[in-house]
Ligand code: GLA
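One chain comes next, on its own, written out as structure tokens in the form predicted on its own.
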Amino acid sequence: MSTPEWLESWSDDEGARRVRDLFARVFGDDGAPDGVWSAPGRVNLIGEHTDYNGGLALPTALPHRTYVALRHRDDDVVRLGSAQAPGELWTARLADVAPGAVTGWGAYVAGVAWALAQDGHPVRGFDAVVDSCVPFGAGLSSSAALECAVAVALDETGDLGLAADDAGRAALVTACVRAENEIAGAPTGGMDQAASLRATAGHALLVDSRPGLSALESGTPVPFDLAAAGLTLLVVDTRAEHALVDGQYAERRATCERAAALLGVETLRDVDPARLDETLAALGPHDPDGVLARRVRHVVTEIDRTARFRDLVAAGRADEVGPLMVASHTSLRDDYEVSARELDLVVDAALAAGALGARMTGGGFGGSAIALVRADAVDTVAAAVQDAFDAAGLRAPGFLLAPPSAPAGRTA
């Protein structure tokens, strides 16, 4: 059997060194960057496919971060280099950035500057390079980490002052979401950016997507000190291809919206979990194949699980949340039908090896799964998952540890 591959996070010193060296290689003798900023990826503890239903989610910030070395310019030119795209220089003028007008990975970066300008903030051009240890394509929000690192860099170099308090960071979240939705063209919610900018070390962030809440009201810190409880969050990047998922996200969202309309509620958040059976029965005449009922059951029970998870960890009872994680995965697999063979394999192998709880995390159809384990059992659980993948003839997964970590900010 093969040995688990650990995907280590970088120290701030290493991350800063990498992007400073890259900045010198990309821009030569044009001068040093104004500084280095970084932002974390995120992992969602529980609360999947709830955001577009007005529900709750509970993410934390990863120790794995994206680093940006940036220097402001006196014109409106943006020049970008990336360690993940060696030899390429992405360029644009801020005056030309608009929905549908720019493409490529640089749209996520230039989009942040565009969104800040749309909000009335003075934004100039800039030269920047990026490097990251956030696994790409693993459902751990590498795009949000990029946006948020750029956001805090532009905030400081432009003397905007937004990153100085939580209200300002909530405004930066909104700008990053607009960048991703309107410029990069990715129709995501704001959970990822909220976690990257507003989650804090030792805490999860309860993200409440109920319509009508302000950006500031939608995020509440929740103590989640795993180390004090003798626990560790193990993340497994399955490296599974996201096959056959075209339109699946949109289909599920549309199904939930149809169900809400049939039930006469604004969002499925308004369905009382204590009356779930009665609610599902009301869908019967419109639901011959039971799909509406299954989707609604997942959303309503997942929102309830997230609230109960929050209550347990806030009370210092993190070692009791395992059954909620397992129930979440079962619901995502059976009722929402977004799991995958690899995700199920991680959950089954981790639980069999002694994990307190395990579940897929993210949108599904691949990506990552998480397991809550005793600190002294990490290697045992990781080895069991690795052995299960080997026995199934699957591509080897990657493993990372995910203590709740610090938000975006200046690194050097």
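Just count from 1 along the sequence shown to find any residue number. In this text, all values refer to a predicted model and were calculated from it rather than measured experimentally.
The protein also exists as the form predicted together with the ligand; that form is not presented, and the subsequent description refers to it.
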Contact with the ligand in the model of the complex, heavy atom within 4.5 Å, among G362, P59, G357, G55 goes to G362
Contact stretch among 42-50, 341-349, 376-384, 64-72 - heavy atom within 4.5 Å of the ligand in the model of the complex | 42-50
Heavy atoms within 4.5 Å of the ligand in the model of the complex: does T200 have any?
-> no
For M191, is any heavy atom within 4.5 Å of the ligand in the model of the complex, or not?
-> yes
Flag W105 as yes or no: does it have a non-hydrogen atom within 4.5 angstroms of any non-hydrogen atom of the ligand in the model of the complex?
-> no
Please run the contact check for Y249 against the ligand in the model of the complex: heavy atoms, 4.5 angstroms, yes or no?
-> yes
